[in-house]
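Provided below as structure tokens are two forms of one protein chain, presented individually as structure 1 and structure 2.
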Structure 1
């Protein structure tokens, strides 16, 4: 077998066998196939697609490219969630502490930002001292003791995904359903949770732009999860505008804290509550979704979820004071108001452009090696459907470089359309998929 022939086969629309897919995945993981050939292969997959069997074979080859984490030493039904990627999506930081406060073990493997979307690991690193590189022993110990651990992908957990993910990020090959399904499900299968809840984002800030595409991705992932013996649910949620008010790493952690204090923005709170409720249901801790929501709400009103967040931060080497005193988060040098181009109603948002605006400020990666600035980002005071006035700011930009702030302002203004007539708003939960 040789890589040139396999690139050519996929480029010409051929179907790859399990052996061929395994050859590619193992070769790239071991370093015998170079970045440029995998880049070409990914682009061929992007244009030609993969059939369901190829997607399953790719997922399993990636899951088996390293070790599979054995979580049998953790007592109870382990739950995990994963999002397909969005702008302003900080739900993991809200859901983890709520579930842990209900004594449901959350063993979560998270990623870094990808393209215009953010990643939980980058966000957590804005907390002083916070470590995301946990050993297997630490990870298991933390889940057993405080019921929550969030780790970055370790070198030997689905290493093929780690390499491919970084390459996709800089070769415009992220938004393909087979590549996303294999990326997410390989990590989920390798990281050993019993129940998986997937947040499949749809809309202008998501990798899937239509409900049909999102549903196909959701069903593919649910069927891979079920095949591997895991209870898997998918919730399709709106990503036609950022989720919540904040976009940017440190800013998003502060917004998550606000939700855990019971002062969260409505759409963000709704998505976090819905995902968490299905995790509670999947773990067998509640009979109905209503009961699950009630239990979760109580973790917020009692302060238990916030306390759990602080405990979790401390257990991973972070400074727990940040959680009770968010004013300690590092700050950007400049906070600049953004005025809308005219008065009217916010009618549409090209949400990936909002993500790019944050990336331009330094909040995302332009190349594999880019260092991100954790302090920068955007605060949105208005949402789709809201009335805006050209004399009042509708957003603030947080930045450390005046030139970048001006570039980000242009992108943010271009991201929004404003019209004279009132706009009907869309529900944030689009569809719930409990079986493939």
Structure 2
């Protein structure tokens, strides 16, 4: 078996065997296959595609390229979720405590953000003392006793994905459903969960811009999960505007707390409830989605989910008072109002520009080495379809640098379109994929 023949086979539309795909992935991970040959292979896949079995074989080979987390010591059905990424997405912070309050174990490996906002790990680190570098023993102990742990990803979790993604990023081969699905699902399969719920974002602030593209990706990932023996669901959700009111690290944790208090913004609450309901269903704790949602709502009404969030924070070295008294979170020096350019109705949002406004303030990373300012961000008082008045703020910017605030203001204003006539609002849940 040699790489030249395999590149040629895929370039000509051939179907690769499991052994051939494993040879490619392991060879590249170990360094025996050079970058230029993998680049050629990725371009062949980009143009010729992969069939479902090839995609599954690629995913499993990538998952097996490093260590797989052994969660067998954790009692119960382990559930996990993955979001394809968006602006203001803080659902993991809401879902984890709700599920833990129902005694459903959530053992989550999360990453740091690269782009307009921080990742789940960055957000949690805005809580005084919070630690994400848990030992395996501590991680498992926390899940067994509290039912929730969120830790930083280990360096050896699906290392093939890390190497291959770096190449895709510089060879214009990112935008391929099989390669995207294998990248996401290899990490999920290596993370050891029994049930996987996928939040596939679609719209101007998402990687998948159209419903058709999002559905293709969702079905591909559900197929991979099910063929790998994992109960897998995908929820396609709207990302044509930020999710919730807050964009920014400490601000988003505070908004998650608001949801757990029963005071959350409607679209954010709907997405979190829908994702969590399918996790409850997959764990076998409810017979129907309606029953699952009723159980989840009770964790909020009773205060159990908020209490679980505080327990989780304390177990990972954080100050639990932050959860009950969010005014303790670090604050930006300046809070500046943003007035719309005219009176009318918000009709469209270039959501990636909202994310870039947060990045300009210092809330995201331009490179992996960039330092995030956890205090900065945006609060949006209005959503698509709402009426705005040029004499009333529709947003606030939180920042520590007046120059950055002014630059962010211009980007934020440029992100929104306003029209005279009322606008029909779109549902936040676009589609639910239960099977491929």
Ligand code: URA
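Here, rigid core means the biggest group of C-alpha atoms that superpose within 1.5 Å across both forms. Nothing here was measured: the structure is a model prediction, and the numbers come from that model. Positions refer to the first chain, counted from 1.
Here the chain appears twice, and structure 1 is the form predicted in complex with the named molecule. Core-superposed comparison between the two structures: the C-alpha position of residue 422 differs by less than 2 Å. Once the rigid core is used as the reference frame, the Cα position of residue 395 differs between the two structures by less than 2 Å. The rigid-core alignment places the CA of residue 15 2 Å or more apart between the two structures. The Cα position of residue 60 changes by 3.0 Å between the two structures once both are aligned on the rigid core. The rigid core superposition between the two structures gives a CA shift for residue 46 of 7.3 Å.
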